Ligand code: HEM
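The chain below stands alone and is given as structure tokens, in the form predicted alone.
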């Protein structure tokens, strides 16, 4: 069985061979005053269809269509090669007209979103693995709620047993909203640990004024703050992946529809048919 590196090298070599052959064919056609738009258009449309089929393949893993990793590699290299093919199709010029401009915009948006996804799907899982254990996105709200309940219960129990209220007042003033509320939309676009550092610093500052029972609870709060911030980071990173996939797939089907319409109109108007 071929290693992943050798398969990647083979896929890249195949892509370059196909693109070189297409480039040579277009050069040869132009040198004899032939037309290349239909040929490159057909190949580009087939490439877009193949790229769209990958989403169907992921939803039907039971079918004998080859392994998911092979499909992913083919998806990546066909998508990368389609950029060169698209440039060949438009003859390396900016498109004009409403339909052509719409088609080019959809293609570029889909291509760029694919590049972003390629980077994110390779970097975000590694970043999440360094934070904490794997967390299922759909369970994050429940885990947040449990953390909030644990923090509140620990503080209330300390207040009841010791009679000291310093930690309870600090929790009500500073930490309750941290555990209770979700992060802002800006955090999801650019997650950071500023709030975590501030909460830990303020808790450290007030620790000197706490009684012995309160200090024991304070240690629990340190751990719960870190855990809550880790969950927020997981939520933001996994949300980023989900929103990217939604956008990428959402662009693919309009692209396919407009490309098909473009091809149909090109045939209707070719040679004065209309």
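Residue numbers count along the first chain shown, from 1. Here the structure is a predicted model, which means the values were calculated and not measured.
From this point on, the text means the form predicted in complex with protoporphyrin IX containing FE (HEM), which you will not see here.
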* Asked: Picking from 118 to 126, 160 to 168, 189 to 197, 97 to 105, which part of the chain touches protoporphyrin IX containing FE (HEM) in the predicted complex when contact means heavy atoms within 4.5 Å?
  -> 118 to 126
* Could you confirm whether residue 22 comes within 4.5 Å of protoporphyrin IX containing FE (HEM) in the predicted complex, counting heavy atoms only? => no
* Quick one: does residue 89 come within 4.5 Å of protoporphyrin IX containing FE (HEM) in the predicted complex, counting heavy atoms only? -> no
* Is there a heavy atom of residue 55 lying 4.5 Å or less from a heavy atom of protoporphyrin IX containing FE (HEM) in the predicted complex? -> yes
* Would residue 244 count as touching protoporphyrin IX containing FE (HEM) in the predicted complex under a 4.5 Å heavy atom rule? -> yes
* Structure fact -> Students should find that, of 248, 207, 226, 240, the residue having a non-hydrogen atom no more than 4.5 angstroms from protoporphyrin IX containing FE (HEM) in the predicted complex is 248
* Structure fact -> If we test each of 203, 85, 154, 76 for a heavy atom within 4.5 Å of protoporphyrin IX containing FE (HEM) in the predicted complex, the one that passes is 76
* in the predicted complex, does each residue in the set 132, 147 and 231 place a non-hydrogen atom within 4.5 angstroms of protoporphyrin IX containing FE (HEM)? -> no
* Heavy atom contacts to protoporphyrin IX containing FE (HEM) in the predicted complex at 4.5 Å, residues of 250 to 267 in sequence order -> 252, 255
